[in-house]
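Let us start with two forms of the same protein chain, each given on its own as structure tokens and named structure 1 and structure 2.
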Structure 1
């Protein structure tokens, strides 16, 4: 029997895989590979091929997660899992989520090729639909693994009337057996990710050890007024739904700035969707829809903001003489604190790899935040150009990706010894 060699990543292969996956995109809209689309499935086929070529056993669970598994030497030990997501936002980047999946594949490949046999099984997980999907729900796969994907969510529909449960079946999931996706057999979950912020690049630090991940609540508000001719409807008689939306948007900014300035915890709120109907320049809008994205490190701040938003949107409807037809929570994710032992192990691994590291909080949501409900979870951040993300200009260098992946590998090797 050959003596195992020290496991080491192949930086060139790692980069080639990331770039190759990035070519699977809408040609005129790089880099777009939305969940539940044919292009997403093509990306999944690419990943499945890489996992199988690496010698991992591959399956898709009931929640639609693509999972590759490398068995350990001690039967019954829980698995050390790594991963992220391969879907993108429209016209997004090649690194957000994708870097974490590709890095996890490279780590598993390096372990197997070196002949190293870990005590624990190792899993690579491509979590389904981390980005907000066409159904208005994010982190679908990781929700399924922590029993947070309920019947009401599975009944959500997209703009074409397609039901999420049917879309889940189309990617290999099984909504009738969704409970089987819940995990109680994981020793840890590790997620490598670009920072999506400017701190690491500005400080010239290659590794960020994530301390906590914000919770995200998304609220949809709809106003119903009366469409009218823009020239003949007197101002005092208008029932302008867009006016109610604008009043609400202004209060969102005011409340968010006040909460952020109070210093009680990290807090931001954003309106990234504001739609009006019928959408003519000479028509008073009869309907308006806004979606509010609320992020905080403290659930109490989110609750306080949401209560204020409820009151503000009602007042805006009254002022605009319209009806507030909807105030609905689309999704709600709690903040997650990264596991202290995993964070310590990441710092030790970075030091062993000769990489400087700093503690850093995540203002973006991640699958790891959900996974923390069923096992210890932690994240490794790598720098990204000017902190840009969710844009085609999103970029980390080959050296930055390789450094983060090497730290991920060393972390897995150390956890295999430290964890029971």
Structure 2
């Protein structure tokens, strides 16, 4: 056997791949590559090409995850997996999720090119639809890998009445065999991600070792009133659903700000979707839908806020003389703690790479939070410009991306020795 070379990443190639994937976007709304769209498929074709060129065996699992695999030297050992997601929010950025997928590809490529054969298999996973999809569900692929993608979810529909199961089939998944997506053969899941917050940049620290990932609960509220002519419906007789929605939205903001300021734990709540129907300037809105995103490090805070939201939205409906036709939990995830051995290994790897590292909590949800249910999971954060994310201005420098990817590679090499 030839003396193996020390694997090393190629920073320029890494950056070029990231930028190349970013060019696959809705032209008028950069950077948009939403799951289940033709553009998403185009992005996946790009990723598949890179994985195949790196010599990995590529497949799509039953939950629609794109997986590249490099076998190890010791048959039967569980795989060390790395990954994140390649889908974006509407008008999002080029880094959220994508950085973790591209970094994983670069690490696998570096290992393969070095001639080093690891003991464990190495996998690169592009998790399907981490961002909220058109079906109102997020982390579809990682849910599938941990047996949390159930029939009710597979029956969810988008605005056009398309069923998630059909959309999953169209991207190569197999909803009838969804149980086969569950993993019991992973030694670890490692996700590199931009911080999406301001801490690392402010502290001038290149590596964040994530301690825990917040739980996210999403609640959909629908108000039903009566559409009417804006000129002839007297004010006091109106059943304006948008009025109920606006009252609720304002109250959400006020209560969330107070709860966050109370200092009992990390807490944020957001209304990112407010739809008013039918949407003509001279029609009193008959329907309104809002989606509330609630995140906390403490499930008790989420419960308390949701109870208040229930009461507030009922009161708003009464005020506007409309029905609160729906108050539904779309998804609910508890906070996830990252694995201690993996965190320690990331710290050691950062040291070995000459990179400073600090512990940090994640305010955003991630595929790693689901993966923690089937294997030890951990995350490496890299800094990003002014904490901006889910916006076209999202940015990390080539140097920041390369430093994080080098630590990811070093972590995988060390885990290959430490893990059984």
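Residue numbers count along the first chain shown, from 1. Only the largest set of C-alpha atoms that superpose within 1.5 Å between the two forms is called the rigid core. As the structure is a computational prediction, the values presented were derived from the model and not from experiment.
Each structure shows the same chain on its own, and structure 2 is the form predicted together with a further copy of the same chain. In a rigid-core overlay of the protein, residue 147 has its C-alpha displaced by under 2 Å between structures 1 and 2. Once both forms are fitted on their rigid core, the CA atom of residue 337 lies less than 2 Å apart between structures 1 and 2. If you fit the rigid core between structures 1 and 2, you'll see the Cα of residue 283 move by 2 angstroms or more.
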